[in-house]
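In the form predicted alone, a lone chain appears below as structure tokens.
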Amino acid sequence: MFGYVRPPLALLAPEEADRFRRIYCGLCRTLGQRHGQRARLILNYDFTFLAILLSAGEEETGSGCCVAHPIRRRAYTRPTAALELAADESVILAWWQLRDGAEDRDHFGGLGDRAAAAALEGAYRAAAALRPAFDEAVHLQLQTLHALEAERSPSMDRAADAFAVLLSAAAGEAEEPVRRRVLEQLLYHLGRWVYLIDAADDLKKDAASGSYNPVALRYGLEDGRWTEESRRAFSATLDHSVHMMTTAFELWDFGAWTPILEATLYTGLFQVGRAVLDGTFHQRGKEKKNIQEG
């Protein structure tokens, strides 16, 4: 994914910020154990949010040193079936996104994504073998996106829907039917929001390169610049997606993870949305530093 789904760590109670750091570290460890050290490089806020959504109830914690912290022991969430699922799905998503990025650029422009996808190839194949239904869903929806890009479809909603359906498939292995439906709805609207916010974040870059951007086409934007009217309309679209996420969220008890999820959905997403629209958001920024210094 893209690194946009961020909890407002500075606003969380200390114990909740620590809980987030533990599952961030836990997902990192699980990625390494299941798919090798290279897979740990894909770790970001978005995949950690996915791990939290897929987790249930309380967490079991441990502590230990790692490559990033070889001397100081750090607490982490011990691997669970949910963390393993999140790790596998994260690898699948990351690999397909890298491959997609390489195909969208010319030979030289896509070298970085192509090299990263090659480095992740073994991990992807292992994860896809473990989660074939999710892998197929991702592949299918990316094909739909490619078709929309090829025809330069001005339909922002059709493009966002393809990514939304893709992400909702991450809930497919939830056993409890009601929980699965809640997660599917939450992830669907999260996927829509992520796709749209990413397109908004790329407006100027895509305008300079001539790349497909459904947000620019939908609002007739020139040179990647918002008009006041288009900014208001797009902001309302983002807010609608967040509202639909929170509606689904309120239908399920997420146990110990509720405060983090609540803060992310009710505060974090709005903060990121404003920053992207204001042009002040930096995707990776100080993400790892913020986590590691906690």
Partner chain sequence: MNDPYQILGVSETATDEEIKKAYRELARKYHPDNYHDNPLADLAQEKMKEINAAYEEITKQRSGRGGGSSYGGSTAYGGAYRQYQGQSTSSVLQQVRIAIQTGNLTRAEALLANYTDHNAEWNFLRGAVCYRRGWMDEARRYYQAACEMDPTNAEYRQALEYMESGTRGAYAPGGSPFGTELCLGQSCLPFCCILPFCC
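Residue numbers count along the first chain shown, from 1. Since the model is a prediction, treat every value here as computed from it, not as a measurement.
The next section is about a form of this same protein that is not shown, the form predicted together with its partner chain.
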| query | finding |
| --- | --- |
| Option touching its partner chain, based on a heavy atom within 4.5 Å in the predicted bound form, out of 103, 121, 173, 157 | 157 |
| Candidate stretches 138-146, 211-219, 112-120, 77-85, one within 4.5 Å of its partner chain in the predicted bound form by heavy atom | 211-219 |
| Residues 41, 206 and 225 all lining its partner chain in the predicted bound form, heavy atom within 4.5 Å | no |
| Residue contact check: residue 125 to its partner chain in the predicted bound form, 4.5 Å heavy atom | no |
| Contact flag, residue 58 vs its partner chain in the predicted bound form, heavy atom cut 4.5 Å | no |
| Proximity of residue 12 to its partner chain in the predicted bound form, heavy atoms at 4.5 Å | no |
| Touches its partner chain in the predicted bound form: residue 168 (any heavy atom, 4.5 Å) | no |
| Partner contacts for 30-48, taking its partner chain in the predicted bound form and a 4.5 Å heavy atom cut-off | 45 |
